[in-house]
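Heads up, the chain below is alone and in the form predicted on its own; it's given as structure tokens.
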Amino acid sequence: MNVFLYAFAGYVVLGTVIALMAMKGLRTQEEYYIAGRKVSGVVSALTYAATTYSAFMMVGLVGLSYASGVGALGFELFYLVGTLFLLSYYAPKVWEMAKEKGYITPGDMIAERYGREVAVVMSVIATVALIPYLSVQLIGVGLILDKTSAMSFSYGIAASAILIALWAFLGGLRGVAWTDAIQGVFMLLMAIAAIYWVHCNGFADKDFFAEVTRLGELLVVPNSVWTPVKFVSLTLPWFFFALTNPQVFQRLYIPKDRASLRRMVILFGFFGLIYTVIVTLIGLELRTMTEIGAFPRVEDRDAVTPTLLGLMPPLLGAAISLSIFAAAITTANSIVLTLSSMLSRDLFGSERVGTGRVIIVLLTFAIALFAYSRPNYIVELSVLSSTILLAQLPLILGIFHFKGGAKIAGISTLLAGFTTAVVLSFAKFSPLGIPAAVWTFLVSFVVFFAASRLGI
């Protein structure tokens, strides 16, 4: 029996036990979706990190670093700096408002400011936008399982979908947060193990820094991949991720007090910096090893990590595979829970936990179908989601900085931004050489301020 399957079986049992333990007392939406606002700072930080850093990192970003060079590090650090900047300023304000007014979903805050109809539109757009990002998690898992011969790509997607639906269905956010705390530490430890193995096997008798400097443009930005337009198109939506992506925005509701919130931000910053540097370094070392003949040349960048795992000792490969699997599952759990809360509460106006559980099952089925088609690379799918979600940014910032704007302004902003992002992204069209993310950003703000000036 494949060694990964033993590890996988243990992981399934442990996660299911945690989800069953977390079921107790999940009678209200506040308990089910935001763990009763009683999460400690350490667990909040680890669940924020595990929700953010998914298969995107150990599969997508390793491959991007391998294919494009050090620009991938700048791209991801730009996200981290933006997130810490936004959290430092907005997290205390969001936490206080949510606690005082009883917000459960991001749509609750939008509904109070712009009207329930705007929250309805936002819930639908967020669902459409996040299906590609959710599919990334299943695609990453499917590729790992297929490459390690644990199971086929399609069976890997099916197994992932079942676990996502089951654990979110049973344990709600409390169960997800408990597993996140374990998985966050496991993810970081396995990333350290991966870079140690790669370095020892590729550069035991060579100087990595001397070898990598011979790669030319991979250490230079801009280069043939990281043009200024490419960099802006990927980093702009990522910079505002903390405000526009509902699954992490909702995480700002869960710390039990201000001290826990502050601890969450600080610890997440340390986690993110260490994890990002390690992951991009893995990609750069593997590319350097390819050039010196110590690692196979991989054309499909999303297959770089699966190829690496196939060369590792079985036990180590299984452990790292499991950490990627865990990262993907916990991210998907969090997103599905958040979308379930928005659809059941904001769209359908239901206060029942049971409604959300039904939506979880339906959502997961739709995501599995999308992932099975594997429409694009992992990084591009992730950025597409965040590009669409930029349409929400003017409304969120408007709550704190702008008094104008009402229902029509909110709806028109969301629809204009969504349409711009989808049309330009799928048409692969950049008017005036300006990428879709920038156009989405500009159109959303122009429509918001224009409609607000009219008092609608």
Partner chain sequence: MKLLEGAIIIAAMLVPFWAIKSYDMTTYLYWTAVTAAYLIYITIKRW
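Positions refer to the first chain, counted from 1. Everything numeric in this text was worked out from a predicted model, so none of it was measured.
Form predicted together with the partner chain: not shown, discussed below.
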Original post:
Based on heavy atom distances of at most 4.5 Å to the partner chain in the predicted bound form, which listed stretch, 203-211, 299-307, 98-106, 343-351, is the contact stretch?
Top reply: 203-211
Original post:
For the spot marked by 87, 220 and 280, is every residue within 4.5 Å of the partner chain in the predicted bound form through some heavy atom?
Top reply: yes
Original post:
Of the options 424, 411, 70, 43, which one has a non-hydrogen atom that comes within 4.5 Å of the partner chain in the predicted bound form?
Top reply: 70
Subject >> Listed residue (77, 124, 294, 369) with a non-hydrogen atom within 4.5 angstroms of the partner chain in the predicted bound form >> reply: 77
**OP:** Using the partner position in the predicted bound form, report whether residue 116 sits within 4.5 Å of the partner chain, counting heavy atoms only.
**Re:** no
Original post:
Applying a 4.5 Å heavy atom distance criterion, does residue 312 contact the partner chain in the predicted bound form?
Top reply: no
**OP:** Give a yes or no for residue 197: in the predicted bound form, does one of its heavy atoms lie within 4.5 Å of a heavy atom belonging to the partner chain?
**Re:** no
Original post:
With the cut-off set at 4.5 Å between non-hydrogen atoms, does residue 256 touch the partner chain in the predicted bound form?
Top reply: no
**OP:** Note that the partner chain is not shown here; using its position in the predicted bound form, name the residues of 266-301 with a heavy atom within 4.5 Å of it, in sequence order.
**Re:** 266, 269, 270, 273, 277, 280, 281, 284
